[in-house]
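Next comes just one chain, in structure tokens: the form predicted on its own.
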């Protein structure tokens, strides 16, 4: 689908909005509830994109799942981990790297040698899976796949793994979560250490489902556990909200409020970066972070921003927001340097290259590094696109940063593949339109 984006000109963004539900947490909820004994009610479930792909795959494994799309509710009934069944069909995760990798871990650690094959779309088939397969195989998993387990499709036969000490090579919540899930039925305790702490959604959810798990900084300890069903509320997605927050900070006279958004401390690095750049942000928390997903409201208004360095320990917690941070940097005063973000090259697209090409086409002085970008901001000037046609590379985040860029452009632009925004933010374009007001 091709979408034309018109410059705002005499308009701005104002109002209140609830972002779409967090797809990362939603997919974890479906996977974990499928092995939790009892009935789990999942509220505010996003029936779109990646969560639906994961839901459809999990449904093939045997749990009784009832969809109530009108109320955004999902009911999952399971008799526990031993009730998981082999599927006669390939488990197709479409474009969901989260669903694929987490299911790799869960299914590899199932008892009784149950056999599964996981696959995905053309994009997912290019994404690295060996990083997950290696620690699982080290613990005794039986896995085969293309390129010595580097690429999908992946076939595996479940068995009780041996647990023990695992040190991962990269900080990745998907990798960490796969290893943790694989050891729920392991022979021994798992101690997992990451180079840097990554998102902890899996640890929080498992603890709430009754797992014997401890986590602090970059260390996770898990004693094999049986899970009990419980109700889950999916918060709004901070990564989706990031595009609206960035837009309001860049567009003059803007002022918006994002309601009921997840504010897990491992996901708020984006807000920290914006504040360091000079953004005017006010956060109202509606609870305390104590083994629960913290939620709250964010208020943001326009402000002049300056370039900063984004690197090191904060990178795992802003990896999904770097595309929109790069666009913010392109509008800021001075230079922004992004480093240690090589992981962006193996997302839905090579995001470092995609961001570089986009900013360059918008008239920005940008240098592509092996692990990042150097961006010289235009100090709030309108973009001067060298072309009107932009290809989103089948990547939802590239669609959305291109759309925000179009609002700040001297002339209209067209996005080829705009429908990919639905992967993480259904009704993204409608939400932007609803926030527009004339000055």
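Computed from a predicted structure; not experimentally measured. Residue numbers count along the first chain shown, from 1.
There is also a form predicted in complex with a small molecule; it is not shown, and the following applies to it.
Segments offered: 166-174, 208-216, 244-252, 137-145. Contacting the small molecule in the predicted complex at heavy atom distances within 4.5 Å is 166-174. Using a 4.5 angstroms threshold between heavy atoms, residue 340 stays clear of the small molecule in the predicted complex. In the predicted complex, residue 98 approaches the small molecule with a heavy atom inside 4.5 Å. In the predicted complex, the small molecule sits within 4.5 Å of a heavy atom belonging to residue 320. Using a 4.5 angstroms limit between non-hydrogen atoms, residue 257 is distant from the small molecule in the predicted complex.
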